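The chain that follows stands alone, in the form predicted on its own, written as structure tokens.
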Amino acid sequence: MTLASTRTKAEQALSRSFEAVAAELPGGRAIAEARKAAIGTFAALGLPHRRLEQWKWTDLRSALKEALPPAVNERHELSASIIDAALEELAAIDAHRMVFVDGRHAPQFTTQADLGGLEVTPLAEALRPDGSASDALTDQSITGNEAVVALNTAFMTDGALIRLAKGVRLDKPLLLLFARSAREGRLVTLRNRIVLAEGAEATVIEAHLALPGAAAGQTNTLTDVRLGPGARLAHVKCTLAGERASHLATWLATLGQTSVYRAFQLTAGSGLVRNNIFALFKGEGAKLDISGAFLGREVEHIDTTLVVDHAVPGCESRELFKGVLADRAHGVFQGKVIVRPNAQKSDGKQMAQALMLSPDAEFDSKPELEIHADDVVCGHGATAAEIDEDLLFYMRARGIPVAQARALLIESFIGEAIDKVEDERLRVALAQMAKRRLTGLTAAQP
């Protein structure tokens, strides 16, 4: 039996698409060779499937029936008002902006950050033969996720390369907007690198949005975060990819000594989402706080899978994810905390909770602790439940209409995760965006 006959239609189409567009993808000879090797890795592995433990609830081989043509040199006429409308409350945040539309940098919507010590470069520019191409490449040996990362390496067209020099504090957030506008379905592939040198501080917002009229598309995005000693990064991701769209995202975070990484993800209004998060402690005394809120309706599928690796002593990790699921939505949380043999004094806490608004909704949770040291404090938990009828009765007894009472309880539930965002302006904006979608979730419920 030949290899081609064992591959799905989508897997074969991805390999053919690479051959068709390889010459148009940015980069010199070295990048072209890296792309070729990556597509070879994918051809050998295929799309992740349910027989792989990390993918048993998100079977891409079954879910992705077709592979859309890659977006390579898409160009569409847009206005700033359309982009601001898509950003919703985020548009009012005073931030430096870098905008990408259909996988390519849109300089007309990008604001130049005039700050010494800050370098922001489009990936396509860095991939040129005279650019800093090494910043675009990353290790692909991520157990269980090599195929997704390999596809990203093969097809990446653009993204943001960000460097903040030693001791520099970014004066306001940096907003990276990745918008889809194509009227025909396209595969958009993005690669970002965020590097903070010793003592640097920044807030970075990733917004992945579908503009009005955009066709259901496919996105593969990877963000590589490197924090030097004492660096502090607040990293927020908002995914509103659009109905029937698929969004595969990978975050790779490496934490240096005494660095602090606070991350938050809001996911809603998207057909299929897989958020992979891999965090590695490389320096002692570092702190990690990752939280998220996911809102699912109809047949939406939202999967958050994370691995936190305590490879050195004296580090602290916190993870809190909360979801609201209506109709036949499916939520997944897989969280693994690894404590290496020499990582004494590690402190890790993890919690995932889902509120079920329908008997047909599903939440699968798999928390794991893999501990090889004895002087540690680690714990995890997971719950899934319906709205507490006693609380609902209490509120109705005080004259609050049932619909409003349900909405308040749900908003309070999800708010615990959003409250982890320290920046008040950003926290309020995310809360408003979530509230709007919670109203949509609860409107159709009995």
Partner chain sequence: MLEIRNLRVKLAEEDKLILSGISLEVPKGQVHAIMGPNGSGKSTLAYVLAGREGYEVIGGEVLWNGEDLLAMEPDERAAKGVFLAFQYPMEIPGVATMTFLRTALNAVRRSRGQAELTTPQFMKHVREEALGLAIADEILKRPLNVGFSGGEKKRMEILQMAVLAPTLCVLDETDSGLDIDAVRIVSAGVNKLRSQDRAMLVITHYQRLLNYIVPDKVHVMADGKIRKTGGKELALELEKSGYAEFKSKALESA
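Residue numbers count along the first chain shown, from 1. These numbers come from a predicted model, not from an experiment.
Note that the form predicted together with the partner chain isn't included here; everything after this is about it.
Trainee: Looking at K36, R396, H380, K420 here, can you tell me which has any non-hydrogen atom within 4.5 angstroms of the partner chain in the predicted complex?
Mentor: Of the listed residues, the single hit is R396.
Trainee: Can you pick out, from L45, L409, A384, A63, the residue that has a heavy atom within 4.5 Å of the partner chain in the predicted complex?
Mentor: Checking each option against the partner chain in the predicted complex, the one that comes within 4.5 Å is L409.
Trainee: Spot the stretch among 22 to 30, 63 to 71, 50 to 58, 409 to 417 with residues whose non-hydrogen atoms come within 4.5 Å of the partner chain in the predicted complex.
Mentor: Going by heavy atoms within 4.5 Å, the stretch is 409 to 417.
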